[in-house]
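One chain comes next, on its own, written as structure tokens: the form predicted alone.
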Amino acid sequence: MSTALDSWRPGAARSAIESFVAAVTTGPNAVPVAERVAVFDNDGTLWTEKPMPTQLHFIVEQWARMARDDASLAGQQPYKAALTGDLSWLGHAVEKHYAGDDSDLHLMIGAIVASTANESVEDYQEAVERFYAEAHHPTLGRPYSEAVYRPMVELLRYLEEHGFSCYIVSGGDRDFMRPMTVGNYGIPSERVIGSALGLAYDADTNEIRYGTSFDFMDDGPIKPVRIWSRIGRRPLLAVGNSNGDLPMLAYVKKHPVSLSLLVHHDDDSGRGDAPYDSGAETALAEADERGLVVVSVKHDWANVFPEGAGLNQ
């Protein structure tokens, strides 16, 4: 794939990116390469998140198997939703989280913990790799490797050409993302920051295993904290698409030379995701006030998805 911004139409968003990169990489005020850090949300920013985040697709399959094996779970949420295919309950749970109500999210987290308890990290990684190799997006009908946003992959390469180190900072599970980030985005696993289950070392088997607790949710105000704890620098550029990304976008904006982009899913042409604002209402309403550059999928992206596999070429 070309490293130019070929899929970005001329306009305010592309101009903002090019002007920002020129400002931090050329002239007497250029920022040292070591300080050129960019952070990207994943779901809805680097690849599709509707009708449900990719990880939820994986988890739903696990919950359905658990409910079939244990009839006592079949009437409980979220197992009931997984078993009956009621994706609306799961989608509403995520939307309620973005609106500040985590009641259903707590049910989901409890079920996530139960599905991995005592599993080794290597066994979990193998299960995730099998999922990525076999699963297709439920509405697009294409492999998830072809459901990434081509303009965003181009932006990653463009930034790297100009000395940037790019990180993923997502509310998604860190260990679920790691098996696919090199192939999809060219980002190594050590640059993946995400939510995490508790881990413990099993001295009897020399394995690291998942415990019975949730360690942290990498969303909202936790994102800047995790950025600092993992990277140790305030990034120059951040890209997100939801209310949960606002603290990260604001954290970056405090840098004297910075750019924060907010992806707006407003394209009704059928080229990619159906348009939606759910979970991003606050971010969109406050974009101008916060100095965010809104990226319109409809107007700023000439292409949404890749024409075929092999994005990181």
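For clarity, every value in this text was computed on a predicted model and none was experimentally measured. Numbers follow the displayed sequence, beginning with 1.
Keep in mind that the form predicted together with another copy of the chain is not shown, yet the notes after this line are about it.
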Partner proximity in the predicted complex: Ile231 to another copy of the chain, non-hydrogen atom cutoff 4.5 Å: yes
Is there any non-hydrogen atom of Ile208 lying within 4.5 Å of another copy of the chain in the predicted complex? yes
Is Asp175 a contact residue for another copy of the chain in the predicted complex, using a 4.5 Å heavy atom cut-off? yes
Any of the heavy atoms of Pro275 lying within 4.5 Å of another copy of the chain in the predicted complex? no
Within 4.5 Å of another copy of the chain in the predicted complex: all of Glu190, Tyr201 and Pro224, by heavy atom? yes
For the chain seen here without its partner, which of 99-107, 148-156, 128-136, 232-240 has a heavy atom within 4.5 Å of another copy of the chain in the predicted complex? 232-240
Report the residue, out of Tyr79, Phe164, Tyr167, Tyr144, that has at least one non-hydrogen atom within 4.5 angstroms of another copy of the chain in the predicted complex. Tyr167
Identify which of Ala250, Ala287, Ala30, Met66 has a heavy atom within 4.5 Å of another copy of the chain in the predicted complex; exactly one of them does. Ala250
